[in-house]
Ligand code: GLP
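Next up is one chain by itself, shown in structure tokens, the form predicted on its own.
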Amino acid sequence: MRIIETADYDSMSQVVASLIAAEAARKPDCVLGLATGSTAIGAYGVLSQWYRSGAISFAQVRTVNLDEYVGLAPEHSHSYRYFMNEKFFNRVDIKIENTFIPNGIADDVEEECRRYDRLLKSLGGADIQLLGIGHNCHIAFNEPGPDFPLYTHKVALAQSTITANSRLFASQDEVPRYAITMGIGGIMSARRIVLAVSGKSKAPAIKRAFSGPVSPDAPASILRLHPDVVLVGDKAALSELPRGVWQW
């Protein structure tokens, strides 16, 4: 694993954007694995600016997102499809038909999970997968549990995740209790993984994931077994990670 420490959120976003842009330049028809949440917004903003300046194109790019809330239609203002359209897809030249997100209102959720795994396999996996990390060390919506779930699945969100995500809703009662999420196997199939993290509140999770045991109690710890992970974090987020263990 390689660690890139930045001064703050803005510089972290610049580095993350540069890694994604480099992949799109290297392979114009690449598959980008994307994430939602406030950590990714800055990077999407930078990429949108670079597109408007003519520095980059996403015309041939395909994307796969990690997750979607169960019960929210794509046009719902709190769905992850809506988030991605507003924060990124509608701001660049990507073809919407080449952007893939689980269907949160599928009649058969289990079949939707299987369909999404087939889709990911047909694309050959992501060339680069962007991740964030939860306060409880979840990646995507893979919550702490007895094992590492390999495949896309429906998951009951942990109370800590519901509480953290409630800042985006009018009240905690409006936060969906279930989500469809890519499994650990799908995430680990990416050629490269970029984990973006910002803020002091995430420091304990980073410490636990990268200096504790590899355990499904800390889902992000599995990333230590991937051959190409880049952890991009600001000083506050990396402040509790022991030096000298990884390549900084």
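None of the values given here were measured: they were computed from a predicted structure. Just count from 1 along the sequence shown to find any residue number.
This next part talks about the form predicted in complex with this ligand, which is not shown.
Contact annotation for the candidate site: Ser38, Ile133 and Arg167 all lie close to this ligand in the predicted complex (heavy atom within 4.5 Å). Interface membership of Ala126, defined by any non-hydrogen atom within 4.5 Å of this ligand in the predicted complex, is ruled out.
In the predicted complex, at least one heavy atom of Phe141 sits within 4.5 Å of this ligand. Among heavy atoms of Thr161, some come within 4.5 Å of this ligand in the predicted complex. Tyr80 belongs to the set of residues with a heavy atom inside 4.5 Å of this ligand in the predicted complex.
Residues placing heavy atoms within 4.5 Å of this ligand in the predicted complex fall in a single listed stretch, namely 133-141, out of 133-141, 116-124, 71-79, 91-99. For the options Leu32, Ala190, Val194, Leu66, the residue carrying a heavy atom within 4.5 angstroms of this ligand in the predicted complex is Leu66. Heavy atoms closer than or equal to 4.5 Å to this ligand in the predicted complex belong, across 212-237, to no residue whatsoever.
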